[in-house]
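Take a look at this single chain in structure tokens; it is the form predicted on its own.
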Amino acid sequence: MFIELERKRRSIRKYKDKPVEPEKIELLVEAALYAPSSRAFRPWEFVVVQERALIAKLAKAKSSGSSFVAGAPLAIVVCADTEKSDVWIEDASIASTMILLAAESADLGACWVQIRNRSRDDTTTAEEHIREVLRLPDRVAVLAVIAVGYPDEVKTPHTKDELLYAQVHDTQFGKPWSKP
């Protein structure tokens, strides 16, 4: 059931040294391509990376928060053609979420690494780094890198007690929503 998948899904940053099978990679790509997009423009672009040396370069996109990508056997770089849609960020974000949920459904671990609006160092952005590594055209912007692999860490599922029901409002902002 979908809600069980959501409860189980956690950000996994440690991976076993085991490649992701081609059929599972195809499943992740298919899930991304089924993602809804505004006006069905489908501006997203995906770069599927399995080459360890290239993944290691992607892991250096940011000064912190991306190094764990080097341990993943698979990275999917989520981009979008900015000339196709003014809401490419939203569309690419939805596709990223689909990849994360598909990974969980396939018994894989995954973690989103934010690239857009992040710096690499004092002179370079994370996006510029990724753009250079992957030779992306100017019209294609980078949203995120999703590291994927077989989990080498166990995280407990989220519980209903962790949910922020105080942020749910009934009819108007400020009127607490009460669960039925």
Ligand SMILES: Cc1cc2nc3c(=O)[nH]c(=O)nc-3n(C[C@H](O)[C@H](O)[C@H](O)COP(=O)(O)O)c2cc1C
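Start at 1 with the first residue shown and count on from there. Since the model is a prediction, treat every value here as computed from it, not as a measurement.
Just so you know, the form predicted in complex with the named molecule exists too; it's not on screen, but the next bit is about it.
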Q: With the named molecule left out of view, choose which of Lys57, Arg42, Arg131, Lys62 has a non-hydrogen atom within 4.5 angstroms of it in the model of the complex.
A: Lys62
Q. Which of Leu28, Val148, Val113, Ala126 has a heavy atom within 4.5 Å of the named molecule in the model of the complex?
A. Val113
Q) Heavy atoms within 4.5 Å of the named molecule in the model of the complex: which stretch among 28-36, 65-73, 49-57, 133-141? A) 65-73
**Q.** the named molecule contact at Arg9 in the model of the complex, heavy atom, 4.5 Å
**A.** yes
Q: Answer for Lys14 alone: is it within 4.5 Å of the named molecule in the model of the complex, judged on heavy atom distances?
A: no
Q) What residues in 92-107 sit within 4.5 Å of the named molecule in the model of the complex, counting heavy atoms only? A) none
